[in-house]
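Okay, here we've got a single chain as structure tokens, the form predicted alone, with questions on binding and movement later.
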């Protein structure tokens, strides 16, 4: 066991998870002196009819709800400006974000604006030094861990501040059931990537390990059941909780290669971030273990349990984890018919070079462009980096 000389850990988020978790939102808002929330979601989530479960939680509260379902595929400044005007004229005092991705990014961006002024969205996120307005994140079957994180992606801008993390995360089985195994696989791969890179990164600490370990263990026990039966309440609830835990660990670590490359591939609209991370995961973890001093063995206990961990010789633990990740990728791809390599989805190698270049230019990790390209090429061909 390595005890760090110094570390920081910050997770101000309260979590309500389980049956009827939604019903506690009015009480939680009242405790934050908020009585006029705005629900923010997208049309896809709204069309599924699950917003009614959120609204029913307020039926006897006397609280007036506003609803905005106009969030697009990505968060943008113009939408946030429109919402800012509604906030001013209707006296809204808190936000309930129902969904993931752009929904949470929009909610966080609006929170920056209404807690200060719209011009703050043009500033460096380091200027966010105080608590914002009450923010509740209600997870759905699309959730992947970014919801609980300290990050917001608005247009080409990335904001980073612990004050962007929600005050409350709600995980209710009525909200998190997914309509497809494909969606479960995509979000699970993001969750796994965030947890794995948080555990193995040099910036890890004992508290972030707790969240990441639990996330991986939940995935081990529940992922395949959820893929076989996407409507199963128990397994879908467990995976949503795993995404939330991984998001907290991710917020207290630094970006890893799998996350950086997967996000850039999605930004360039070559593939969804979930599928991209699913393809990259074995090769990114392998490279970081071989070249960056990562200890893949640190994932072995949550992936196999304590008894199998003890039975595995110490010098074989890194390799066993890498084999388990490849096996998991094979199982998922066989069950859901997902691509195993970038060659399978016909992404040109020239485009992968541009991805490596862009990530190397923007990353603060100090990893060189040729290292990113090594991982991308291995994921293109489907061959282990060490042959």
Partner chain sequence: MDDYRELKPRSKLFKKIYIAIMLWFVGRSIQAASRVDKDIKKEFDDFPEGFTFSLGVAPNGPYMVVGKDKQGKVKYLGWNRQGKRIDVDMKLKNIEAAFLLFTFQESTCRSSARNRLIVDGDVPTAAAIVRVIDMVEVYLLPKLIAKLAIRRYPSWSIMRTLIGRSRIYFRAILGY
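Numbering follows the first chain given and starts at 1. Being a predicted model, the structure only gives us computed values, none of them experimental.
Here the subject shifts to the form predicted in complex with its partner chain, a form of this protein not shown in this document.
Trainee: Which is the contacting stretch out of 79-87, 179-187, 266-274, 152-160, given heavy atoms within 4.5 Å of its partner chain in the predicted complex?
Mentor: Every other range fails; the passing one is 79-87.
Trainee: By the heavy atom within 4.5 Å rule, which residue out of 362, 334, 59, 327 makes contact with its partner chain in the predicted complex?
Mentor: Looking at the other structure, the residue within range turns out to be 59.
Trainee: I'd like to know whether residue 344 contacts its partner chain in the predicted complex, with contact meaning heavy atoms within 4.5 angstroms.
Mentor: Answer no; every heavy atom of residue 344 is more than 4.5 Å from its partner chain in the predicted complex.
Trainee: With the partner left out of view, is residue 66 within 4.5 angstroms of its partner chain in the predicted complex by any non-hydrogen atom?
Mentor: So residue 66 counts as contacting its partner chain.
Trainee: Even though the partner isn't displayed, in the predicted complex is residue 70 close enough to its partner chain, meaning a heavy atom within 4.5 Å?
Mentor: Yes, residue 70 is a contact residue.
Trainee: Contact between residue 23 and its partner chain in the predicted complex at 4.5 Å, heavy atoms?
Mentor: Judged by the heavy-atom cut-off of 4.5 Å, residue 23 is in contact with its partner chain in the predicted complex.
Trainee: Within 4.5 Å of its partner chain in the predicted complex, which residues of 11-43 have a heavy atom? Give them in sequence order, or say none.
Mentor: Residues within 4.5 Å: 19, 20, 23, 24, 27, 38, 43.
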